[in-house]
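Shown next are two forms of a single protein chain, provided one at a time as C-alpha coordinates under the names structure 1 and structure 2.
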Structure 1
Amino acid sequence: MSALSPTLTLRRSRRRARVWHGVMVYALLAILLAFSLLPIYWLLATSFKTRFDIFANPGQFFPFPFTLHAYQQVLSDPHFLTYFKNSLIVNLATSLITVALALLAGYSFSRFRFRGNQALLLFILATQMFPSAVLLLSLYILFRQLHLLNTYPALIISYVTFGLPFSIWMMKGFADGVPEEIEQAAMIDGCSRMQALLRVVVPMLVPGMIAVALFSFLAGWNDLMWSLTLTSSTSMRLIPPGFILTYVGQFQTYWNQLMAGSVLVSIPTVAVFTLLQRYLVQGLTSGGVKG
(Lines of atoms letter the chains of each structure in order from A and count residues from 1; the text may use other names and numbers.)
(Lines give C-alpha, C1' and ligand atoms only; values in the text may rest on other atoms or scores of the structure.)
Protein backbone atom coordinates (compact mmCIF):
# COMPACT_ATOMS: atom_id res chain seq x y z
CA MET A 1 0.00 0.00 0.00
CA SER A 2 2.57 2.55 -1.12
CA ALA A 3 0.13 5.11 -2.45
CA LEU A 4 -0.20 7.90 0.06
CA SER A 5 -3.67 9.22 0.42
CA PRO A 6 -4.29 12.88 -0.27
CA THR A 7 -5.04 14.31 3.12
CA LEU A 8 -2.17 12.49 4.70
CA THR A 9 0.17 13.75 2.01
CA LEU A 10 -0.64 17.29 2.95
CA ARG A 11 0.71 16.76 6.40
CA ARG A 12 3.72 14.61 5.82
CA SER A 13 6.20 17.39 6.33
CA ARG A 14 5.59 17.67 10.01
CA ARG A 15 6.00 14.74 12.27
CA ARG A 16 4.11 16.14 15.25
CA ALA A 17 1.27 17.19 13.05
CA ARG A 18 1.22 13.68 11.65
CA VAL A 19 0.88 12.06 15.04
CA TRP A 20 -1.87 14.46 15.96
CA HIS A 21 -3.49 13.77 12.62
CA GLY A 22 -3.35 10.02 13.22
CA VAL A 23 -5.01 10.37 16.58
CA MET A 24 -7.70 12.51 15.03
CA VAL A 25 -8.32 10.00 12.26
CA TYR A 26 -8.74 7.10 14.66
CA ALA A 27 -10.92 9.12 17.00
CA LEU A 28 -13.14 10.14 14.09
CA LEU A 29 -13.24 6.58 12.85
CA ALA A 30 -14.31 5.35 16.28
CA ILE A 31 -17.11 7.89 16.53
CA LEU A 32 -18.36 7.25 13.00
CA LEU A 33 -18.24 3.49 13.35
CA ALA A 34 -19.90 3.59 16.77
CA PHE A 35 -23.00 5.04 15.14
CA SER A 36 -23.10 2.16 12.67
CA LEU A 37 -22.07 -0.58 15.03
CA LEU A 38 -23.97 -0.05 18.29
CA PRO A 39 -27.22 -1.47 16.90
CA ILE A 40 -25.19 -4.30 15.36
CA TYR A 41 -23.72 -5.04 18.77
CA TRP A 42 -27.22 -5.28 20.17
CA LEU A 43 -28.20 -7.67 17.40
CA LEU A 44 -25.16 -9.80 18.16
CA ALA A 45 -25.71 -9.73 21.92
CA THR A 46 -29.37 -10.69 21.50
CA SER A 47 -28.42 -13.67 19.39
CA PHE A 48 -26.40 -15.09 22.31
CA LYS A 49 -29.13 -14.69 24.91
CA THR A 50 -31.88 -16.98 26.08
CA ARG A 51 -35.38 -15.89 25.18
CA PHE A 52 -36.10 -15.37 28.85
CA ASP A 53 -33.20 -12.97 29.39
CA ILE A 54 -34.07 -10.96 26.30
CA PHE A 55 -37.34 -9.92 27.90
CA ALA A 56 -36.56 -10.26 31.59
CA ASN A 57 -33.38 -8.14 31.57
CA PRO A 58 -33.69 -5.60 28.76
CA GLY A 59 -30.59 -3.72 29.83
CA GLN A 60 -28.26 -6.72 29.90
CA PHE A 61 -25.25 -5.59 27.85
CA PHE A 62 -23.27 -8.82 27.99
CA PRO A 63 -25.19 -11.98 27.29
CA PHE A 64 -25.26 -13.95 30.51
CA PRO A 65 -25.78 -16.86 30.53
CA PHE A 66 -24.08 -16.91 27.15
CA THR A 67 -25.79 -19.46 24.93
CA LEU A 68 -25.42 -20.74 21.39
CA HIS A 69 -28.90 -22.18 21.56
CA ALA A 70 -30.33 -19.79 18.95
CA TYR A 71 -27.55 -20.72 16.51
CA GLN A 72 -28.18 -24.41 17.06
CA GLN A 73 -31.87 -23.89 16.40
CA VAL A 74 -31.24 -21.89 13.24
CA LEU A 75 -28.69 -24.30 11.83
CA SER A 76 -30.76 -27.38 12.58
CA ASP A 77 -33.62 -26.00 10.50
CA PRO A 78 -33.10 -27.37 6.97
CA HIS A 79 -35.04 -24.45 5.51
CA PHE A 80 -32.46 -21.97 6.75
CA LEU A 81 -29.78 -23.29 4.40
CA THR A 82 -32.31 -23.41 1.55
CA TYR A 83 -33.18 -19.74 2.01
CA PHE A 84 -29.53 -18.81 2.25
CA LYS A 85 -28.55 -20.81 -0.82
CA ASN A 86 -31.44 -19.32 -2.82
CA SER A 87 -30.51 -15.79 -1.81
CA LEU A 88 -26.88 -16.35 -2.77
CA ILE A 89 -27.73 -17.83 -6.15
CA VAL A 90 -30.27 -15.17 -7.05
CA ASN A 91 -28.28 -12.19 -5.84
CA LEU A 92 -24.93 -13.29 -7.22
CA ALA A 93 -26.48 -13.87 -10.63
CA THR A 94 -28.24 -10.52 -10.35
CA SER A 95 -24.99 -8.84 -9.48
CA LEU A 96 -23.02 -10.33 -12.38
CA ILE A 97 -25.72 -9.57 -14.93
CA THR A 98 -26.19 -6.04 -13.65
CA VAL A 99 -22.49 -5.24 -13.79
CA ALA A 100 -22.21 -6.55 -17.33
CA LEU A 101 -25.26 -4.69 -18.61
CA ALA A 102 -24.43 -1.49 -16.75
CA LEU A 103 -20.84 -1.52 -17.95
CA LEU A 104 -21.86 -1.73 -21.61
CA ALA A 105 -24.73 0.73 -21.40
CA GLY A 106 -22.92 3.16 -19.10
CA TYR A 107 -19.90 3.22 -21.36
CA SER A 108 -22.00 3.98 -24.44
CA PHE A 109 -23.96 6.67 -22.66
CA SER A 110 -20.64 8.21 -21.73
CA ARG A 111 -19.04 8.07 -25.18
CA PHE A 112 -21.87 8.67 -27.63
CA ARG A 113 -23.97 11.79 -27.96
CA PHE A 114 -27.17 10.75 -29.69
CA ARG A 115 -30.62 12.24 -29.88
CA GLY A 116 -32.75 11.40 -26.87
CA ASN A 117 -29.65 10.53 -24.84
CA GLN A 118 -30.71 12.55 -21.80
CA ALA A 119 -34.37 11.57 -22.09
CA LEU A 120 -33.45 7.90 -22.23
CA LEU A 121 -31.28 8.20 -19.13
CA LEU A 122 -34.12 9.90 -17.29
CA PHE A 123 -36.55 7.24 -18.50
CA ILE A 124 -34.29 4.51 -17.14
CA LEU A 125 -34.34 6.20 -13.78
CA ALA A 126 -38.10 6.80 -14.01
CA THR A 127 -38.80 3.06 -13.99
CA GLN A 128 -37.89 3.19 -10.31
CA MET A 129 -40.40 5.91 -9.58
CA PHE A 130 -43.57 3.90 -9.28
CA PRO A 131 -44.83 2.09 -6.17
CA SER A 132 -43.92 -1.56 -6.37
CA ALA A 133 -47.07 -2.55 -4.45
CA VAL A 134 -49.10 -1.62 -7.53
CA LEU A 135 -46.59 -2.96 -10.07
CA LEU A 136 -46.46 -6.33 -8.34
CA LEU A 137 -50.06 -7.17 -9.03
CA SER A 138 -49.57 -6.85 -12.78
CA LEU A 139 -46.15 -8.44 -12.69
CA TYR A 140 -47.58 -11.46 -10.91
CA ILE A 141 -50.09 -11.97 -13.71
CA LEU A 142 -47.38 -11.53 -16.37
CA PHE A 143 -45.01 -14.00 -14.73
CA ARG A 144 -47.79 -16.51 -14.18
CA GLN A 145 -48.65 -16.43 -17.87
CA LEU A 146 -44.99 -16.96 -18.70
CA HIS A 147 -44.74 -19.81 -16.14
CA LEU A 148 -41.99 -17.93 -14.35
CA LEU A 149 -43.50 -17.99 -10.85
CA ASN A 150 -41.36 -19.92 -8.37
CA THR A 151 -38.26 -19.76 -10.57
CA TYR A 152 -34.84 -18.18 -10.14
CA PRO A 153 -35.00 -16.34 -13.48
CA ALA A 154 -38.11 -14.41 -12.36
CA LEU A 155 -36.33 -13.20 -9.24
CA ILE A 156 -33.03 -12.52 -10.97
CA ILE A 157 -34.55 -10.52 -13.78
CA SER A 158 -36.66 -8.54 -11.30
CA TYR A 159 -33.71 -7.75 -9.11
CA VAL A 160 -31.60 -6.75 -12.10
CA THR A 161 -34.15 -4.00 -12.71
CA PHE A 162 -33.75 -2.83 -9.10
CA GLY A 163 -30.07 -2.09 -9.46
CA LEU A 164 -29.62 -1.52 -13.17
CA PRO A 165 -30.88 2.08 -13.59
CA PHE A 166 -28.61 3.41 -10.88
CA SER A 167 -25.75 1.19 -12.01
CA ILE A 168 -25.93 2.56 -15.56
CA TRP A 169 -25.75 6.10 -14.23
CA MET A 170 -22.84 5.15 -11.98
CA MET A 171 -20.92 3.42 -14.76
CA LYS A 172 -21.53 6.38 -17.03
CA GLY A 173 -20.09 8.64 -14.34
CA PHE A 174 -17.02 6.46 -13.90
CA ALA A 175 -16.53 6.13 -17.66
CA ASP A 176 -16.73 9.91 -18.00
CA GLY A 177 -13.69 10.05 -15.75
CA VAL A 178 -11.60 7.88 -18.13
CA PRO A 179 -10.00 10.01 -20.85
CA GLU A 180 -11.08 9.06 -24.35
CA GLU A 181 -7.51 9.34 -25.71
CA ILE A 182 -6.62 6.10 -23.98
CA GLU A 183 -9.02 3.90 -25.92
CA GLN A 184 -8.46 5.93 -29.11
CA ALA A 185 -4.81 5.06 -28.90
CA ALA A 186 -5.76 1.40 -28.54
CA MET A 187 -8.11 1.62 -31.50
CA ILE A 188 -5.39 3.17 -33.64
CA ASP A 189 -3.26 0.18 -32.67
CA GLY A 190 -5.90 -2.05 -34.29
CA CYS A 191 -8.30 -2.85 -31.49
CA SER A 192 -12.03 -2.78 -32.14
CA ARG A 193 -14.05 -0.55 -29.82
CA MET A 194 -15.20 -3.57 -27.85
CA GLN A 195 -11.63 -4.81 -27.46
CA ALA A 196 -10.53 -1.34 -26.40
CA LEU A 197 -13.35 -1.21 -23.87
CA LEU A 198 -12.53 -4.60 -22.39
CA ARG A 199 -8.75 -4.32 -22.43
CA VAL A 200 -8.08 -0.68 -21.71
CA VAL A 201 -11.15 0.92 -20.16
CA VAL A 202 -12.44 -1.89 -17.96
CA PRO A 203 -9.29 -2.13 -15.82
CA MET A 204 -9.73 1.53 -14.99
CA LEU A 205 -13.39 1.04 -14.11
CA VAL A 206 -12.76 -1.75 -11.62
CA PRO A 207 -13.48 0.35 -8.50
CA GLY A 208 -16.80 1.44 -9.98
CA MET A 209 -17.64 -2.10 -11.03
CA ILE A 210 -16.98 -3.42 -7.56
CA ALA A 211 -19.19 -0.74 -6.06
CA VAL A 212 -21.94 -1.48 -8.58
CA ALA A 213 -21.62 -5.23 -8.04
CA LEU A 214 -22.04 -4.85 -4.31
CA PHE A 215 -24.87 -2.38 -4.74
CA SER A 216 -26.82 -4.62 -7.08
CA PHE A 217 -26.19 -7.63 -4.86
CA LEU A 218 -27.65 -5.82 -1.87
CA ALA A 219 -30.54 -4.26 -3.80
CA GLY A 220 -32.14 -7.68 -4.13
CA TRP A 221 -30.74 -9.01 -0.87
CA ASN A 222 -32.92 -6.55 1.09
CA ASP A 223 -36.13 -7.06 -0.83
CA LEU A 224 -39.09 -8.62 0.93
CA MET A 225 -42.26 -7.99 -1.07
CA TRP A 226 -41.15 -9.09 -4.54
CA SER A 227 -39.71 -12.42 -3.58
CA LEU A 228 -42.59 -13.03 -1.20
CA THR A 229 -45.05 -12.51 -4.04
CA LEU A 230 -43.16 -14.14 -6.90
CA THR A 231 -42.39 -17.36 -5.04
CA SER A 232 -44.65 -19.43 -2.87
CA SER A 233 -42.92 -22.77 -2.38
CA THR A 234 -40.67 -23.08 0.63
CA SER A 235 -37.86 -24.50 -1.46
CA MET A 236 -37.71 -21.29 -3.55
CA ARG A 237 -37.95 -18.74 -0.74
CA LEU A 238 -35.19 -16.20 -0.16
CA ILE A 239 -33.89 -14.99 3.18
CA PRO A 240 -36.23 -12.05 3.98
CA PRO A 241 -39.56 -13.83 3.49
CA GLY A 242 -38.03 -17.04 4.83
CA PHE A 243 -36.97 -15.29 8.05
CA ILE A 244 -40.37 -13.69 8.48
CA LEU A 245 -42.01 -17.06 7.93
CA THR A 246 -39.83 -18.86 10.41
CA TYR A 247 -39.04 -16.39 13.17
CA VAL A 248 -41.86 -13.84 13.08
CA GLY A 249 -44.72 -16.21 13.65
CA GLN A 250 -48.38 -15.76 14.30
CA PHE A 251 -47.99 -16.03 18.05
CA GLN A 252 -44.54 -14.78 18.89
CA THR A 253 -41.30 -13.43 17.49
CA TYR A 254 -38.16 -15.52 17.99
CA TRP A 255 -35.85 -12.55 18.47
CA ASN A 256 -32.69 -14.48 19.29
CA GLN A 257 -33.09 -16.80 16.29
CA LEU A 258 -33.93 -13.92 13.98
CA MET A 259 -30.74 -12.16 15.08
CA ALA A 260 -28.63 -15.33 14.96
CA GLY A 261 -29.86 -16.05 11.44
CA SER A 262 -28.97 -12.52 10.38
CA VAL A 263 -25.49 -12.82 11.83
CA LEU A 264 -24.95 -16.08 9.96
CA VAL A 265 -26.09 -14.74 6.60
CA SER A 266 -24.23 -11.44 6.95
CA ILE A 267 -20.80 -12.87 7.72
CA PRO A 268 -20.09 -14.25 4.22
CA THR A 269 -21.24 -11.05 2.55
CA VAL A 270 -18.99 -8.90 4.69
CA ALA A 271 -16.11 -11.32 4.28
CA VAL A 272 -16.39 -11.26 0.50
CA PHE A 273 -16.55 -7.48 0.54
CA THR A 274 -13.52 -7.26 2.79
CA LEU A 275 -11.63 -9.33 0.23
CA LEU A 276 -13.03 -7.49 -2.78
CA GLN A 277 -12.49 -3.99 -1.47
CA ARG A 278 -8.79 -4.27 -2.30
CA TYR A 279 -9.86 -3.85 -5.90
CA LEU A 280 -11.55 -0.59 -4.96
CA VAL A 281 -8.04 0.89 -4.97
CA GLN A 282 -6.81 -0.88 -8.04
CA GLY A 283 -8.06 1.85 -10.35
CA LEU A 284 -5.67 4.22 -8.68
CA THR A 285 -2.58 2.15 -9.27
CA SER A 286 -3.41 0.60 -12.64
CA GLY A 287 -2.77 3.65 -14.73
CA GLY A 288 -2.11 7.34 -14.77
CA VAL A 289 -5.69 8.48 -14.76
CA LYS A 290 -6.12 12.15 -15.26
CA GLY A 291 -8.78 14.04 -13.35
Structure 2
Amino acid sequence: MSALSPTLTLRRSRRRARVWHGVMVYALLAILLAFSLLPIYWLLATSFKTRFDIFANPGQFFPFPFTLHAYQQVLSDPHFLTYFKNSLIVNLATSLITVALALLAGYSFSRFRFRGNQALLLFILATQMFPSAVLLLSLYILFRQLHLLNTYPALIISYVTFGLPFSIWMMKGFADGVPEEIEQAAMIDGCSRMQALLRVVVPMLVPGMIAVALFSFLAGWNDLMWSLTLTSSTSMRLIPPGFILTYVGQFQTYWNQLMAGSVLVSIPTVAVFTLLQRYLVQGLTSGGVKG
Protein backbone atom coordinates (compact mmCIF):
# COMPACT_ATOMS: atom_id res chain seq x y z
CA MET A 1 0.00 0.00 0.00
CA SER A 2 2.85 2.36 0.81
CA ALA A 3 4.26 1.79 -2.69
CA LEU A 4 0.91 2.56 -4.36
CA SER A 5 0.06 5.66 -2.35
CA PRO A 6 2.41 8.03 -4.24
CA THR A 7 1.04 6.70 -7.55
CA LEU A 8 -2.57 7.20 -6.48
CA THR A 9 -1.76 10.64 -5.17
CA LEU A 10 -0.10 11.58 -8.45
CA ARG A 11 -3.09 10.31 -10.46
CA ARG A 12 -5.52 12.22 -8.28
CA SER A 13 -3.52 15.39 -8.58
CA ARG A 14 -3.36 15.03 -12.35
CA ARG A 15 -7.09 14.34 -12.52
CA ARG A 16 -7.75 17.37 -10.34
CA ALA A 17 -5.51 19.50 -12.56
CA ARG A 18 -7.37 18.36 -15.68
CA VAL A 19 -10.71 19.19 -14.06
CA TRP A 20 -9.54 22.66 -13.06
CA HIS A 21 -8.08 23.19 -16.52
CA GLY A 22 -11.42 22.27 -18.10
CA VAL A 23 -13.29 24.55 -15.72
CA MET A 24 -11.00 27.47 -16.52
CA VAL A 25 -11.30 26.89 -20.27
CA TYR A 26 -15.10 26.74 -20.17
CA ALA A 27 -15.25 29.77 -17.89
CA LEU A 28 -13.09 31.74 -20.31
CA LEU A 29 -15.24 30.62 -23.24
CA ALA A 30 -18.38 31.62 -21.35
CA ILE A 31 -16.97 35.08 -20.69
CA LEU A 32 -15.99 35.52 -24.35
CA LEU A 33 -19.41 34.27 -25.47
CA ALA A 34 -21.18 36.69 -23.14
CA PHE A 35 -18.96 39.53 -24.36
CA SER A 36 -19.79 38.65 -27.97
CA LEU A 37 -23.54 38.27 -27.41
CA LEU A 38 -23.97 41.39 -25.28
CA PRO A 39 -24.33 43.79 -28.28
CA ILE A 40 -26.91 41.46 -29.84
CA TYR A 41 -28.85 41.26 -26.59
CA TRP A 42 -28.71 45.03 -26.15
CA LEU A 43 -30.03 45.47 -29.71
CA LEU A 44 -32.96 43.15 -28.94
CA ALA A 45 -33.63 44.72 -25.55
CA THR A 46 -33.60 48.24 -27.00
CA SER A 47 -36.07 47.26 -29.71
CA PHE A 48 -38.60 46.31 -27.00
CA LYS A 49 -38.25 49.57 -25.03
CA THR A 50 -40.05 52.87 -25.35
CA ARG A 51 -38.21 55.99 -26.46
CA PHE A 52 -38.11 57.26 -22.88
CA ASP A 53 -36.93 54.00 -21.27
CA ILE A 54 -33.89 53.92 -23.57
CA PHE A 55 -32.46 56.98 -21.84
CA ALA A 56 -33.46 55.97 -18.30
CA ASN A 57 -30.84 56.59 -15.62
CA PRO A 58 -29.73 54.10 -14.46
CA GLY A 59 -30.09 52.15 -17.66
CA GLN A 60 -32.50 49.23 -17.85
CA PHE A 61 -30.82 45.93 -18.64
CA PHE A 62 -34.21 44.28 -19.14
CA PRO A 63 -36.95 46.02 -21.14
CA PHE A 64 -39.72 47.08 -18.76
CA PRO A 65 -42.41 47.70 -19.72
CA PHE A 66 -42.08 45.26 -22.62
CA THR A 67 -43.58 46.78 -25.79
CA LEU A 68 -43.82 46.00 -29.52
CA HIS A 69 -44.57 49.59 -30.42
CA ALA A 70 -41.27 50.06 -32.26
CA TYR A 71 -41.93 47.01 -34.45
CA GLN A 72 -45.43 48.26 -35.23
CA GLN A 73 -44.06 51.64 -36.29
CA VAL A 74 -41.38 50.09 -38.49
CA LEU A 75 -43.73 47.67 -40.21
CA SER A 76 -46.31 50.38 -40.81
CA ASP A 77 -43.72 52.63 -42.46
CA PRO A 78 -43.94 52.19 -46.27
CA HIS A 79 -40.29 53.24 -46.60
CA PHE A 80 -39.20 50.12 -44.71
CA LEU A 81 -40.75 47.84 -47.31
CA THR A 82 -39.16 49.96 -50.06
CA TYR A 83 -35.71 49.61 -48.51
CA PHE A 84 -36.18 45.87 -48.05
CA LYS A 85 -37.42 45.37 -51.61
CA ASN A 86 -34.54 47.38 -53.10
CA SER A 87 -31.94 45.49 -51.08
CA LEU A 88 -33.45 42.17 -52.06
CA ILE A 89 -33.53 43.00 -55.78
CA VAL A 90 -30.02 44.44 -55.90
CA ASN A 91 -28.34 41.73 -53.86
CA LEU A 92 -30.09 38.81 -55.53
CA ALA A 93 -29.08 40.15 -58.94
CA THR A 94 -25.56 40.76 -57.66
CA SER A 95 -25.31 37.18 -56.38
CA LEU A 96 -26.51 35.65 -59.64
CA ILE A 97 -24.17 37.72 -61.81
CA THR A 98 -21.21 37.21 -59.50
CA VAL A 99 -21.73 33.44 -59.41
CA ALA A 100 -21.99 33.22 -63.21
CA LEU A 101 -18.88 35.32 -63.87
CA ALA A 102 -16.84 33.73 -61.08
CA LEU A 103 -17.78 30.25 -62.30
CA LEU A 104 -16.57 30.91 -65.83
CA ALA A 105 -13.45 32.78 -64.77
CA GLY A 106 -12.49 30.36 -62.00
CA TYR A 107 -13.02 27.36 -64.26
CA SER A 108 -10.91 28.96 -67.01
CA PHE A 109 -8.03 29.68 -64.65
CA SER A 110 -8.23 26.13 -63.31
CA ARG A 111 -8.34 24.28 -66.63
CA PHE A 112 -6.48 26.39 -69.20
CA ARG A 113 -2.79 27.24 -69.13
CA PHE A 114 -1.86 30.38 -71.00
CA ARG A 115 0.87 32.98 -70.85
CA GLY A 116 0.41 35.27 -67.88
CA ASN A 117 -2.01 32.96 -66.09
CA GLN A 118 -0.54 33.39 -62.63
CA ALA A 119 0.24 37.07 -63.15
CA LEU A 120 -3.37 37.75 -64.08
CA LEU A 121 -4.60 35.82 -61.05
CA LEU A 122 -2.36 37.87 -58.78
CA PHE A 123 -3.53 41.07 -60.45
CA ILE A 124 -7.16 40.11 -59.82
CA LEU A 125 -6.38 39.49 -56.17
CA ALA A 126 -4.41 42.74 -55.95
CA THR A 127 -7.48 44.73 -56.96
CA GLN A 128 -8.92 43.87 -53.54
CA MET A 129 -6.15 45.98 -52.00
CA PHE A 130 -7.30 49.24 -53.59
CA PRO A 131 -9.10 51.53 -51.13
CA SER A 132 -12.85 51.44 -51.57
CA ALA A 133 -12.96 55.22 -51.76
CA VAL A 134 -10.77 55.17 -54.88
CA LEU A 135 -13.02 52.67 -56.65
CA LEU A 136 -16.14 54.47 -55.47
CA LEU A 137 -14.97 57.81 -56.85
CA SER A 138 -14.07 56.30 -60.21
CA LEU A 139 -17.37 54.45 -60.52
CA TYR A 140 -19.34 57.51 -59.41
CA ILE A 141 -17.81 59.62 -62.19
CA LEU A 142 -18.41 56.84 -64.72
CA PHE A 143 -22.03 56.32 -63.68
CA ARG A 144 -22.69 60.05 -63.73
CA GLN A 145 -21.45 60.27 -67.31
CA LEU A 146 -23.60 57.27 -68.25
CA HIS A 147 -26.64 58.66 -66.39
CA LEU A 148 -26.83 55.55 -64.21
CA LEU A 149 -26.77 57.18 -60.80
CA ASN A 150 -29.73 56.35 -58.58
CA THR A 151 -30.50 53.16 -60.51
CA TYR A 152 -30.37 49.44 -59.88
CA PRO A 153 -27.67 48.81 -62.53
CA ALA A 154 -25.27 51.21 -60.79
CA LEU A 155 -25.60 49.38 -57.48
CA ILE A 156 -25.43 45.92 -59.04
CA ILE A 157 -22.34 46.72 -61.14
CA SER A 158 -20.63 48.24 -58.09
CA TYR A 159 -21.27 45.23 -55.87
CA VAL A 160 -20.21 42.80 -58.60
CA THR A 161 -17.00 44.80 -59.08
CA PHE A 162 -16.33 44.69 -55.37
CA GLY A 163 -16.98 40.98 -54.82
CA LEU A 164 -15.84 39.37 -58.07
CA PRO A 165 -12.04 39.13 -57.48
CA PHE A 166 -12.30 37.09 -54.29
CA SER A 167 -15.17 35.06 -55.77
CA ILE A 168 -12.98 34.08 -58.73
CA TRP A 169 -10.32 32.77 -56.38
CA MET A 170 -12.94 30.81 -54.46
CA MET A 171 -14.34 29.22 -57.61
CA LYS A 172 -10.86 28.40 -58.89
CA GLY A 173 -10.16 26.55 -55.66
CA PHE A 174 -13.29 24.49 -56.10
CA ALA A 175 -12.61 23.82 -59.78
CA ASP A 176 -9.11 22.59 -58.89
CA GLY A 177 -10.75 19.94 -56.72
CA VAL A 178 -12.74 18.47 -59.63
CA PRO A 179 -10.70 15.83 -61.54
CA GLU A 180 -10.20 16.68 -65.20
CA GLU A 181 -10.69 13.01 -66.10
CA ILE A 182 -14.43 13.40 -65.44
CA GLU A 183 -14.70 16.12 -68.08
CA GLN A 184 -12.53 14.18 -70.50
CA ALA A 185 -14.81 11.15 -70.12
CA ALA A 186 -17.84 13.33 -70.81
CA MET A 187 -16.22 14.80 -73.92
CA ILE A 188 -15.31 11.32 -75.16
CA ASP A 189 -19.00 10.47 -74.86
CA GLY A 190 -19.82 13.35 -77.20
CA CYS A 191 -20.16 16.41 -74.95
CA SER A 192 -18.57 19.68 -75.90
CA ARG A 193 -16.45 21.59 -73.40
CA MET A 194 -19.43 23.78 -72.42
CA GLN A 195 -21.75 20.79 -72.12
CA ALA A 196 -19.24 18.99 -69.92
CA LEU A 197 -18.99 22.10 -67.77
CA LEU A 198 -22.75 22.49 -67.38
CA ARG A 199 -23.68 18.82 -67.02
CA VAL A 200 -20.72 17.39 -65.13
CA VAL A 201 -18.66 20.09 -63.44
CA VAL A 202 -21.35 22.54 -62.32
CA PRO A 203 -23.22 19.95 -60.18
CA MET A 204 -19.95 19.26 -58.38
CA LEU A 205 -19.35 22.99 -57.86
CA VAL A 206 -22.69 23.68 -56.19
CA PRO A 207 -21.13 24.16 -52.70
CA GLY A 208 -18.71 26.70 -54.13
CA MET A 209 -21.46 28.50 -56.03
CA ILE A 210 -23.56 28.73 -52.86
CA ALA A 211 -20.56 30.07 -50.94
CA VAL A 212 -19.93 32.74 -53.59
CA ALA A 213 -23.61 33.68 -53.65
CA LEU A 214 -23.72 34.05 -49.85
CA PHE A 215 -20.49 36.03 -49.78
CA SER A 216 -21.66 38.52 -52.41
CA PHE A 217 -25.18 38.76 -51.00
CA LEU A 218 -24.09 39.46 -47.41
CA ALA A 219 -21.43 41.95 -48.52
CA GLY A 220 -24.01 43.99 -50.42
CA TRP A 221 -26.74 43.57 -47.80
CA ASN A 222 -24.55 45.19 -45.12
CA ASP A 223 -22.98 47.88 -47.31
CA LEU A 224 -23.50 51.53 -46.41
CA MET A 225 -20.91 53.61 -48.25
CA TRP A 226 -21.59 52.49 -51.82
CA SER A 227 -25.37 52.53 -51.61
CA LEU A 228 -25.39 55.88 -49.79
CA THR A 229 -23.19 57.50 -52.45
CA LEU A 230 -24.80 56.06 -55.57
CA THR A 231 -28.44 56.69 -54.61
CA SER A 232 -30.18 59.94 -53.78
CA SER A 233 -33.93 59.29 -53.71
CA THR A 234 -35.94 57.52 -51.04
CA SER A 235 -37.42 55.14 -53.60
CA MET A 236 -33.94 53.80 -54.44
CA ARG A 237 -32.45 53.58 -50.96
CA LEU A 238 -31.20 50.26 -49.63
CA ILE A 239 -31.53 49.18 -46.02
CA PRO A 240 -28.35 50.64 -44.42
CA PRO A 241 -28.59 54.20 -45.83
CA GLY A 242 -32.38 54.09 -45.58
CA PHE A 243 -32.22 53.34 -41.87
CA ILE A 244 -29.61 56.02 -41.26
CA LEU A 245 -31.60 58.71 -43.06
CA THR A 246 -34.95 57.65 -41.60
CA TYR A 247 -34.20 56.97 -37.94
CA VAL A 248 -31.10 59.10 -37.31
CA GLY A 249 -31.89 62.82 -37.31
CA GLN A 250 -30.03 66.00 -36.56
CA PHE A 251 -31.47 66.41 -33.09
CA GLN A 252 -32.61 62.94 -32.09
CA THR A 253 -32.24 59.28 -32.98
CA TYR A 254 -35.13 56.83 -32.82
CA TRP A 255 -33.06 54.05 -31.29
CA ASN A 256 -35.92 51.66 -30.60
CA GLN A 257 -37.18 51.82 -34.20
CA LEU A 258 -33.64 51.56 -35.56
CA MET A 259 -33.00 48.46 -33.47
CA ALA A 260 -36.40 46.94 -34.35
CA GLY A 261 -35.74 47.47 -38.05
CA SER A 262 -32.29 45.91 -37.66
CA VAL A 263 -33.80 42.85 -36.03
CA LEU A 264 -36.39 42.46 -38.79
CA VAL A 265 -33.90 42.71 -41.65
CA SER A 266 -31.50 40.36 -39.88
CA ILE A 267 -33.99 37.51 -39.62
CA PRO A 268 -33.85 36.45 -43.32
CA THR A 269 -30.06 36.65 -43.50
CA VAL A 270 -29.59 34.73 -40.24
CA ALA A 271 -31.99 32.04 -41.41
CA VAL A 272 -30.28 31.66 -44.79
CA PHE A 273 -26.83 31.70 -43.24
CA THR A 274 -27.82 29.09 -40.66
CA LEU A 275 -29.12 26.76 -43.37
CA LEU A 276 -26.17 27.22 -45.73
CA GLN A 277 -23.26 28.04 -43.42
CA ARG A 278 -21.47 24.75 -44.09
CA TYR A 279 -21.27 25.66 -47.78
CA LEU A 280 -19.86 29.09 -46.92
CA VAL A 281 -17.19 27.66 -44.62
CA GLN A 282 -16.32 24.97 -47.14
CA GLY A 283 -16.10 27.54 -49.91
CA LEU A 284 -13.86 29.90 -47.94
CA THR A 285 -11.46 27.15 -46.86
CA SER A 286 -11.36 25.43 -50.26
CA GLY A 287 -10.87 28.65 -52.16
CA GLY A 288 -8.18 29.76 -49.76
CA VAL A 289 -5.92 26.71 -49.76
CA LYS A 290 -6.11 25.44 -53.31
CA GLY A 291 -4.63 26.88 -56.46
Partner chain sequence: MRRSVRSQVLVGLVVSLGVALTPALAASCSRTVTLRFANWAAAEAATAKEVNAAIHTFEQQNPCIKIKSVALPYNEMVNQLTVMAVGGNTPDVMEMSSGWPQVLAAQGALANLKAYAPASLLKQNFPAMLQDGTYNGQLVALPLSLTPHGFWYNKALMAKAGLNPNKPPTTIAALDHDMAVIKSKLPGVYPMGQMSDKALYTMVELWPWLQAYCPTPPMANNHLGWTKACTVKAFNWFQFLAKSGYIPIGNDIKANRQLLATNKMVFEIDGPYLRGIISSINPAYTSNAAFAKTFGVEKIPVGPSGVSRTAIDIHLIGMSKTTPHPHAAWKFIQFMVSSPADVRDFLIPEGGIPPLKSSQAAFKSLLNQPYQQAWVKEIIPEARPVPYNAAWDDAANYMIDALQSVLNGSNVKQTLGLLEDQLKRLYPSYQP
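Please read these numbers as outputs of a predicted model, since none were measured by experiment. Between two forms, the rigid core is defined as the largest C-alpha subset superposing within 1.5 Å. Numbering for residues begins at 1 and runs along the sequence of structure 1.
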With both forms of the chain shown on their own, indicate which is the form predicted on its own. 2
For a quick test of reading the superposition: does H69 move by 2 Å or more at the CA between the two structures, rigid core aligned? no
Core aligned, does the CA of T234 move at least 2 Å between the two structures? no
For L224, state whether the C-alpha moves by 2 Å or more between the two structures after rigid core superposition. no
Could you tell me how many Å the Cα atom of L32 shifts between the two structures when the rigid core is held superposed? 8.8
If the rigid core is lined up, how many Å does the C-alpha atom of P58 shift between the two structures? 6.3
